[in-house]
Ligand SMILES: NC(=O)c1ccc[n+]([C@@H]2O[C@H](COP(=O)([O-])OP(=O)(O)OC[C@H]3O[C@@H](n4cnc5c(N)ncnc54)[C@H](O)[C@@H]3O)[C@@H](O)[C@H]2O)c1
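First, one chain by itself in structure tokens, the form predicted alone.
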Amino acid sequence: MTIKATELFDVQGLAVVITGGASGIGLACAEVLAANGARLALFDSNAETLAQAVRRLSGEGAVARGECVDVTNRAALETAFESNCSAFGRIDVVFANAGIGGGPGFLAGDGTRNLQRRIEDIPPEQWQRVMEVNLNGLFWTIQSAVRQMKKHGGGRIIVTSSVSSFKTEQHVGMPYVVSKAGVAHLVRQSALELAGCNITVNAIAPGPFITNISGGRLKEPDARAPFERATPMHRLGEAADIQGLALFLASPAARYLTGAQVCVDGGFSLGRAD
């Protein structure tokens, strides 16, 4: 039987929730899903950028809603999922994308030791905040998503992980690296448990991307330089580089894929080439 690409990647009418959806990778996922007819609910803790994103997508003809919610607030997150499930009739796809950075690593861009980022000097409040958002917030998001998806026969959960989940890093802060390692295993464990419920759980693992994370530090040439040198393609990722994979994972083309982590990094995780 011949299957057309328009059918294989059809997301028309799907009800999609995207956490951290007002900027960066989350917004890029929203854009490609909206362009292909999905209905969107963007969750974000920044009310201003959220309103701008929803207004722009709606102006381009998308069905888009916004929820100003912090993923570390379990009660508010649960309420937001319930509200949008009521509005859309169901939730088909969740992009669990919200996250924060962990600051610079133990090496500076010139290869010297960053004495302010030694393991013994990492502030406990920073460690706790990164874990609360990147790991606990993801767990609460998956819990809320699953409660709604089980009512309607299944769904897709797509998590933003990182290459830092499986490789050590010199230029990325330890709290971030460790939190993303936890994320990767949470994806696998969730996928194992939920497969029989017709709920797939997969991860997108970006390499160094230029976004607003960590205050947008990779927008600065000096901060980008060591990552550009270490990436075989010699450039950092841009949000649009994630869109093809996001559409695939949300579509019927990925119906038999679960527990996977797909790396999008320009070869960064392979090692320096030249």
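Bear in mind that the values here come from a model prediction, so they are computed numbers and not experimental data. Position 1 is the first residue in the sequence shown; the rest follow in order.
Separately, the form predicted together with the named molecule exists; it is not shown, and the next lines address it.
Undergrad: Can you tell me whether residue 69 touches the named molecule? I mean in the predicted bound form, with a 4.5 angstroms heavy atom cut-off.
TA: Yes.
Undergrad: Decide whether residue 218 counts as a contact residue for the named molecule in the predicted bound form under a heavy atom distance cut-off of 4.5 Å.
TA: Heavy-atom contact with the named molecule at 4.5 Å: present for residue 218.
Undergrad: Is residue 263 part of the interface with the named molecule in the predicted bound form - any heavy atom within 4.5 Å?
TA: Close contact is absent here: in the predicted bound form, residue 263 is far from the named molecule, nothing within 4.5 Å, heavy atoms only.
Undergrad: Is residue 45 close enough to the named molecule in the predicted bound form to count, meaning some heavy atom within 4.5 Å?
TA: Because a heavy atom of residue 45 falls inside 4.5 Å of the named molecule in the predicted bound form, the answer is yes.
Undergrad: Only one of 174, 80, 199, 98 has a non-hydrogen atom within 4.5 angstroms of the named molecule in the predicted bound form; which is it?
TA: The residue in contact is 98.
Undergrad: Just one of 144, 190, 161, 84 has a heavy atom within 4.5 Å of the named molecule in the predicted bound form. Which one?
TA: Exactly one residue meets the criterion: 161.
Undergrad: Any idea which of 32-40, 54-62, 202-210, 243-251 reaches within 4.5 Å of the named molecule in the predicted bound form, heavy atoms considered?
TA: Checking each option against the 4.5 Å cut-off leaves 202-210.
Undergrad: For the stretch 126-146, I need every residue with any heavy atom inside 4.5 Å of the named molecule in the predicted bound form, listed N to C.
TA: Heavy-atom contacts within 4.5 Å come from 129, 133.
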